[in-house]
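You are given structure tokens for the same protein chain in two forms, set apart as structure 1 and structure 2.
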Structure 1
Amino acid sequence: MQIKVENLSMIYSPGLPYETKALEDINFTVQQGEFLGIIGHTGSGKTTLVQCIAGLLAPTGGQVVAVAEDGTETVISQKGKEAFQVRRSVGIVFQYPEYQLFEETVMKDVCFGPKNQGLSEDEQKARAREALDLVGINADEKGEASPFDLSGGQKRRVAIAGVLAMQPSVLILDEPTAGLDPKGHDDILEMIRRIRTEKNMTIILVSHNMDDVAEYADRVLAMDRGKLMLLGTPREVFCEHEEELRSVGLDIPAGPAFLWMLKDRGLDLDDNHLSFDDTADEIIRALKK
């Protein structure tokens, strides 16, 4: 499923003294299977944007259109059965999703979404087992455990599994690694990468971590005060627009920043690298010359 964002605008409390323009004339397309990273300072409109994409908010201007494989177009925020079905195909995971766990067991919690979709008990459990497997949780070992007895990282995996069990075509993650230790942070991101690869799922990641976005995203969308500021590959955004990003309070990934510092000090480097591994390899190559 392709997602087209067309002239999207969102105003909170229109016509009132505290009217706030959260989004202004946003246009872009997310292709099926793409990994899109969304960055921006606090208050730039990132969360409002993904809530409009998920159909949780109806925009005050423009529209978000889902395009099926056969070319059928559906406005996500409109009323009717077709739009409702499309909204169900967009899963969204908010910050600290483990706070939304509530059932007695892990299996019951992950089955909650499929149950509300009207599936039989056997189908619910099959979906839950598959989703738990995708996030690296053994259903036989943890299925009957209380979700509240799990570690923080495991709780988050179970919460994400609850969304995956509804088999969305598009998965939106808003700061999915917030509050995790370094290992939990890396494990969650590798899990997301694996899900995307195995399911050809469209991933939209909202993050303040520029290194994560540079490492995992196919394209990066930078927001500033409700407007689309930049859109391109990680290399295009981070390596060609450093000054623009810094002017709105955004950092660049640590790898390129370190390479540029070394280059300014006279080391002959190719500074178009983004990941830590590529950065290390380039420094080793330059030092061996």
Structure 2
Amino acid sequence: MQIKVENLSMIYSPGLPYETKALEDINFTVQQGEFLGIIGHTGSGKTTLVQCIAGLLAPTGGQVVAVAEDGTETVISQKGKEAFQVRRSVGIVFQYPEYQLFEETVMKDVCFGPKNQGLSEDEQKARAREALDLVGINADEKGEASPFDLSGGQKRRVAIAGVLAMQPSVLILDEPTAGLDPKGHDDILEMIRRIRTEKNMTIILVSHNMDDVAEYADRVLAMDRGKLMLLGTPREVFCEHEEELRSVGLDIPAGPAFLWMLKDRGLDLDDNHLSFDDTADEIIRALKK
């Protein structure tokens, strides 16, 4: 499934003194199986954008279209039965999703989505098992446990499984690693990468961590004050447009940021390197010159 975002606009409280333009004329397309990173400050419109894509907010202008394999187009961002069906193929994991757990057992919680889809009890359980398996939770061991007895990292995985159980073809994650320690952080990102490969799922990752986005995403979309500022590969965005990112106060990954710092202090080097290895090599080259 391909997602087309067309002339998307969102105005909150139109006509009132505190009217805010959360999104202004956004256009882009996400291919099936693509890993898209979305960056931007708090309040730049990232969250509004992904909520429109997931059909949770109705935009005040433009539309989000889902294009199926066979070419049929459905507008997600509108009411109605058809859109409701298609919306189910877009899963969204909110920030701190573990706060949303509510059932008595892990199994029941993960079954919530499939149950709403109207599946039989056996199908629900099968879906839940598969989803728990994907996030690395053993359904036999933890299935009957209360979600509240799990560790923080496990709770988050269960919450993600709850979305995966609906078998979406697009998975949106809003800051999935917030508040985790470095190991938990890496584990979650590796898990997302694995799920993507196994299921050929489209991943849309909203993140503040530029290093993660540079490492995992195929393309990066930068938002600024409701507008789409940049869209391109991590190299294009972080290396070729770093001045623009800086001008709006956004971070760039550690490597180019450090190269830029050296250049700013008068060292003669090329700051168009993204990975850690390339950064190190460039510094060594510059110093040994």
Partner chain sequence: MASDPIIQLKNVSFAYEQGEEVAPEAAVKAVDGVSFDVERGSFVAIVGSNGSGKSTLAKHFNALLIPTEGEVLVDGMNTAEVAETAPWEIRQKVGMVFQNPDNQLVSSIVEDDVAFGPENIGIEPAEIRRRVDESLKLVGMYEHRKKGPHLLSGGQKQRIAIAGVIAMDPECVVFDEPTAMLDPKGRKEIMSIIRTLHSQGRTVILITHFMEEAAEADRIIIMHNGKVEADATPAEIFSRKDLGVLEQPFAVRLAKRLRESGIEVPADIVTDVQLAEYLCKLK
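For residue numbers, the reference is structure 1: its sequence is counted from 1. What we label the rigid core is the largest C-alpha set whose atoms superpose within 1.5 Å from one form to the other. Predicted model only: the values in this text are computed from it and were never measured.
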Just to confirm, one of these is the form predicted alone and one is not; which one is it? 1
May I ask which of P97, G113, S169, P253 lies at the hinge separating the two rigid parts between structures 1 and 2? P253
Across the change between structures 1 and 2, how many whole degrees of rotation does the smaller rigid part show against the larger? 25
Core-aligned Cα shift of E282 between structures 1 and 2, given in Å: 6.4
Per-residue Cα shift, F258, between structures 1 and 2 [Å; core superposed]: 2.9
